[in-house]
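Coming up is one lone chain in structure tokens, specifically the form predicted alone.
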């Protein structure tokens, strides 16, 4: 302990570490009516770190080669000590990250925390959702199994519906006319380098915006729930008389992370193959098309939407319009009211959209 204190003292006299920590953590105040939903961001940060650590450990044995990828994954699962645990943590973690991110965005929606001056917080969060889905999609191909090979074939083939550039876009994504070794190389580079760096940069920007603008006050339990910001000048939303982030709310964050981790380990140890259909354990074969290939659960609604419409271009257009609307929501919903029960039109539209998405997901699963 004495050595540790000497190291801290050495750093402190050079960069003022204690004052910085006190200002950024100890003196950082949060609204008194803050709730557990605000912990979703901390859980997501924890998941992202876990994905990086488990991904690096998998890279030690994984071989990004079409002839060796499936064998290397099999070796990790069967021969490497605790290799199965690392892989399962990485695979389950990718699904849980999408789920928690969706819950985080739903909470922001219902509390009206996307309204000005936090439009950029919402936009960066929406881009992060897209990047998380992208990193999950690219990682899906890496085991080079029947499931990953044909799911990637179907997913990339959807771009063919785009007029004029669709054919070229498919070839660009695949690195050729068909899914093959070039596709694996491209997806591997995107999965381990390009997208993680983009996610890290966006997380940093998202946290900077949170720190710079201040945490939004939940609209629950207040007499006045309208957004008072007029959009004419910058205003930091401080919370005089609020609770300290450390140690008060940090304990809530740690509790939420512990609950998430318990659920996560429950899936890993008691139902580790929840996200692994039978075709995930067969090597990729370009000459044998499986009877039923479906994407991961978070793409099932998109998959079913394409099946509903007679033309894939119409399906893609509808999805693109819906995603654009969500991305631009803070600029569309300019009303000052933030309490969900005082926004009946918003509540009906939002709940209807969520139920539609859930219905398409279930339909896609059983179709």
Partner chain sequence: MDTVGRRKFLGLCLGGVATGALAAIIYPLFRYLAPRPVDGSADKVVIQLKDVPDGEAKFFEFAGASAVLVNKRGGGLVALSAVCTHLGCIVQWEKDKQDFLCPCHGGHYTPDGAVVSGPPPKPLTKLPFTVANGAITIG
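Bear in mind that the values here come from a model prediction, so they are computed numbers and not experimental data. Numbering follows the first chain given and starts at 1.
Heads up, the form predicted together with its partner chain isn't pictured, but that's what we're talking about next.
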item	value
Contact segment among 71 to 79, 288 to 296, 164 to 172, 198 to 206, judged by heavy atoms lying within 4.5 Å of its partner chain in the model of the complex	71 to 79
Its partner chain contact at residue 325 in the model of the complex, heavy atom, 4.5 Å	no
Close approach of residue 36 to its partner chain in the model of the complex, 4.5 Å, heavy atom	no
Non-hydrogen atom contact residue 318 with its partner chain in the model of the complex at 4.5 angstroms	no
Close approach of residue 61 to its partner chain in the model of the complex, 4.5 Å, heavy atom	yes
40, 66, 329, 57 - the one with a heavy atom within 4.5 Å of its partner chain in the model of the complex	57
Listed residue that, although its partner chain is not shown, lies within 4.5 Å of it in the model of the complex (heavy atoms), from 129, 86, 155, 97	86
